[in-house]
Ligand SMILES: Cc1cc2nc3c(=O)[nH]c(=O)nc-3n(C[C@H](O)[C@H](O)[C@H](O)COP(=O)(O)OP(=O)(O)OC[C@H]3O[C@@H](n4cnc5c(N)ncnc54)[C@H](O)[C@@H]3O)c2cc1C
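Starting off, we have a lone chain in the form predicted on its own, written out as structure tokens.
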């Protein structure tokens, strides 16, 4: 059996993968990060305050005002036209004693910051190469034909994770006919720090503050409809956006190309086993509802760092112990968040009158009961 090339190998070059490589290296492990360069990520991520606090504590972001925009309010408008409609609801961070619920970051800006931190770690080596196979003895075959081996393998290689598949993790996956259209918009009037969600029958049309009159759009609807709308050209698409936003913010112009992404959910029975751990979308994926995707991925990274800090690396099976401990730490959060997002997404699509009544009643309760609102704040923000 060959000697190990590193203590840990992290596979995947997205934000969760880079954050995981940094966290593992900062725990003192000799780390190799396999991160093939991909196309620029033009998306944004709304990170809640517990996640922003983690970024600060981990040294990944010093000052969120330098790279993001504060989210101080969430406004929900029921635009379904259904028989039973929910009230318009405004959640204000000040109610929870916070300056903001979180911050909206451009993924590209976060990636620049993460890479700068990674480059300063002497025990972290990053290679621009992917993985083609994972052997039973933790031997990774790379795209250039070389092989590497480590006791701990971190799979951060996305929804179609090779690491997850090769290691034999069982998944549950559901595909939806809905997709998400995302782009940047210039509005006639600024939305300040308020994220505005118009809830339509096939999903929300959400405007997220991006500074000044700029907003990031996430529009969820039938994939065929979104592809058709995108194909009509910028002028017709802007007119559609004006209609969907109920003309609340004046004229709308596209500030970036529009992209359409299919939606699905994915979960694993366990997030770690036998010296292999999964982080980010290798372990979980959801529709962009409730701003949970990257928040959950960074909570994965935080728990991985905690499991590593608690490990006795003098034991020959230390990596197996880390994977078992990590899986235990992640279980309740993954189940709770997955259930919350799935329930919320399906409630937005529900046509049955009892489901409409439950959803409308829930929002009325949140609107009128401060105690319930505080509980909803804590759950939505991922507080543990």
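Computed from a predicted structure; not experimentally measured. Positions refer to the first chain, counted from 1.
Another form exists, predicted together with the named molecule; not displayed. Remarks below refer to it.
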Just to confirm, residue 322 within 4.5 Å of the named molecule in the predicted complex by heavy atoms? no
Does the 4.5 Å heavy atom contact test between residue 295 and the named molecule in the predicted complex come out positive? yes
Do residue 261 and the named molecule come within 4.5 Å of each other in the predicted complex, heavy atoms counted? yes
Applying a 4.5 Å heavy atom distance criterion, does residue 215 contact the named molecule in the predicted complex? no
The named molecule in the predicted complex has a heavy atom of only one listed residue within 4.5 Å, and of 150, 180, 276, 187 that residue is 180
Pick from 118, 266, 162, 242: which residue has any heavy atom within 4.5 angstroms of the named molecule in the predicted complex? 162
The chain here is shown without the named molecule. Which stretch in 329 to 337, 311 to 319, 61 to 69, 32 to 40 comes within 4.5 angstroms of it in the predicted complex, by heavy atom distance? 32 to 40
Suppose contact means a heavy atom within 4.5 Å; in the predicted complex, does that hold for all of 74, 78 and 203 with the named molecule? no
Using a 4.5 Å cut-off on heavy atoms, what residues in 138 to 157 are near the named molecule in the predicted complex? 156, 157
